[in-house]
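A lone chain, given as structure tokens: the form predicted alone.
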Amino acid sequence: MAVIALSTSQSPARRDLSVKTFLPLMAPAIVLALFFAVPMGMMIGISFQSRDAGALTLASYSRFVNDGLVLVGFGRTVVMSGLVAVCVTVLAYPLAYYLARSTSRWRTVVLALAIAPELAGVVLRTYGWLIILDDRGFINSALMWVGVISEPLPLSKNLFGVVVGLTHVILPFGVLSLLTSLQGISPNLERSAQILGASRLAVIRHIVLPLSVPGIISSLLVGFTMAASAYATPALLGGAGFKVMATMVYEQVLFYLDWPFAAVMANVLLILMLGVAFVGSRIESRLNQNLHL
């Protein structure tokens, strides 16, 4: 009887296949290591250094926990980012739904207008909102000229102005996130529900919205993370008294030259965004699993 011996060693062809598989990933991995992992590691190391002597210490972290102004800025960052995320998602959803379902020739024009704000710089768009929302801006001047108000409304140099400006900046990203999700929902489901007697509002409420929850979560995550790390819009529309984590890191680096404390605030901001992204991705993954059951 013939005996066939099986070798457990990997064949050269299979080894070559493994190398060819991972070879395209080497360049992105090197770029990520050089421009993300190494700088992040350096920033973490700086956060444990003393400002003067350079010795290892937890003084900067202790200062962050005990500094009331910094904690207020951290809380303001969370509130601002949450409001921007909600506003972006609410405003982007009907526009994304129209783009996903429309067959009109105006669809391309609407899509171009939705993405058009990204063609201008963030500073330029922020200055545009500053002209509109300022005490002597377009809105207050028009309302005072008509006689509706006798003194300017506080539309800028506060949370309201910053949320408006950031919503305008981040809105195209919310539209694209929701558009991808809504395009994955078959229009036949909506037509079938309407044939069975469901109203348009009922179809959107019971079919479209539940199936597009992953896209909604993606839009919320994009809005939150981009707003939390924004600097130009809070600095210009919020004014000197509106402190968020990004503006405080800028001040610590350039004005106070306290790099360890700035690194601590940057690390906390990064942990915040990673935590929100992790929770959102877990919720999105669970929802996707439930939809496929």
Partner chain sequence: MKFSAFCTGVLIFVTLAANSRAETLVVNSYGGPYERIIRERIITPFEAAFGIDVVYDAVGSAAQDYAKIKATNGRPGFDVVVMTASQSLEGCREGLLMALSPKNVPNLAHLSPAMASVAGPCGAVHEVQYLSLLYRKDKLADPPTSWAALADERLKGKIILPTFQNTMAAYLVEILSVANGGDLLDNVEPGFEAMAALAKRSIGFEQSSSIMENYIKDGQVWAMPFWNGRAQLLVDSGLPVDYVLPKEGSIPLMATLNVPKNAENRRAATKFVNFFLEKASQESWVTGYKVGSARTDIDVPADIRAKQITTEADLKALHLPDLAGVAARLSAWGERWERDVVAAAN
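Rigid core here is just the name for the largest C-alpha set that superposes within 1.5 Å across the two forms. Residue numbers count along the first chain shown, from 1. All of these numbers come straight from a predicted model, not from anything done at the bench.
Omitted here: the form predicted together with its partner chain. The next part is about that form.
Novice: Using a 4.5 angstroms cut-off on non-hydrogen atoms, would residue 136 count as touching its partner chain in the predicted complex?
Specialist: Contact with its partner chain, yes.
Novice: Do residue 48 and its partner chain come within 4.5 Å of each other in the predicted complex, heavy atoms counted?
Specialist: Judged by the heavy-atom cut-off of 4.5 Å, residue 48 is well away from its partner chain in the predicted complex.
Novice: Look up in the predicted complex whether residue 61 has a non-hydrogen atom within 4.5 angstroms of its partner chain, and give yes or no.
Specialist: Taking the distances in the predicted complex, the answer for residue 61 is no, it never comes within 4.5 Å of its partner chain.
Novice: With the partner left out here, check for me: in the predicted complex, does some heavy atom of residue 254 sit within 4.5 Å of its partner chain?
Specialist: Yes.
Novice: Quick one: which residues from 102-130 get a non-hydrogen atom within 4.5 Å of its partner chain in the predicted complex?
Specialist: The stretch touches the partner through 127 alone.
Novice: For residue 240, does the CA position differ by 2 Å or more between the shown form and the other one when the superposition is done on the rigid core?
Specialist: For residue 240, whose C-alpha is compared between the shown form and the other one after core superposition, the shift is less than 2 Å.
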